[in-house]
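Next up: just one chain, as structure tokens, the form predicted on its own.
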Amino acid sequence: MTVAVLSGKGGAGKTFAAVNLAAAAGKAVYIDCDVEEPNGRLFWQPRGVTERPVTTALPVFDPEKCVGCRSCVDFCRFNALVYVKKAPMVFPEVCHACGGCALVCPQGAVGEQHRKVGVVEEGNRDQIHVVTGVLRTGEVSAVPVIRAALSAGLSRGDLTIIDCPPGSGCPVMESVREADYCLLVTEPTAFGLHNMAMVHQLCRLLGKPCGLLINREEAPYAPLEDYCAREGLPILLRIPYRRQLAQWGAEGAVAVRRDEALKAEFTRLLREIGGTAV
């Protein structure tokens, strides 16, 4: 079973929920797809870490074969190519490595080279296999690194918890594509509700069953309660605001390993998700 943990905004408690859900399971694969800010490893402190690069293909042009027909430039929908001084020039930052330029070139003048865009780290802590995608600073697209991290983690076949990126864009869609269930995490605020609603609609479009975890709750937030009732979104767990949880988080501690009552709540949550996933 694969559970994707996501929220519409950063800081809602997504990594907190994902890490503690995996820890409560006892044996699991944890995949950090928040590749721009992969903070899950700070809690796990995995051992025996291995690292492998993630690369994408970048077109290169043979000046001996290129006749300046501009077919490649006209084809590129990402505006990654421009014709300058009688030769195509590529902008690596916006190239999506689709290979279309090579397909449309009538002269066979387009080859490719590989460019490193990040790394995937793998290690273990107790019975948790930790997979971390790390995007290279300055890269525009996180998707290649997310795909590589998912490929490494999902191949193991164990219970898998995916810590998704914040927001509701392409990186999030890529992260939840293979999930059996989506656990949405929000805080009881107007901003939290607005962004959670966007990822909820995304999960619906993808046909994923969903449930909600409300984090740092001091009192029920009426607009959030109304949204869940109206949209049929079950509230699976409420985490009250506790200074102790914030302190443990600052220390890089896994909360369910210090609080048996909280561990029981996450264990119950995991069982409930298993019963509702398709």
Partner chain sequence: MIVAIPVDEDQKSLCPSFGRAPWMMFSDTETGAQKILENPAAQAQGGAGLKAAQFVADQDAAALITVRCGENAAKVLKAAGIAIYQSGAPEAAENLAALRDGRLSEMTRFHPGFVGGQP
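Quick caveat, the model's predicted, so the values are computed rather than measured. Residue numbers count along the first chain shown, from 1.
The same protein also exists as the form predicted in complex with the partner chain; that form is not shown, yet it is the one meant from here on.
- The stretch that touches the partner chain in the model of the complex, counting heavy atoms within 4.5 Å, is 81 to 89, out of 199 to 207, 115 to 123, 153 to 161, 81 to 89.
- Contact with the partner chain in the model of the complex, judged by any heavy atom within 4.5 Å, is made by just one of R70, K65, R238, R242: R70.
- Although the partner is absent from this view, G192 stays clear of the partner chain in the model of the complex, with no non-hydrogen atom inside 4.5 angstroms.
- Remark: V140 counts among the residues lining the partner chain in the model of the complex, judged by a heavy atom distance of 4.5 Å or less.
- For the chain shown alone, G99 is not a contact residue for the partner chain in the model of the complex, no non-hydrogen atom being within 4.5 angstroms.
- Among heavy atoms of V104, none comes within 4.5 Å of the partner chain in the model of the complex.
- Contact annotation for 105 to 128: no residue has a non-hydrogen atom within 4.5 angstroms of the partner chain in the model of the complex.
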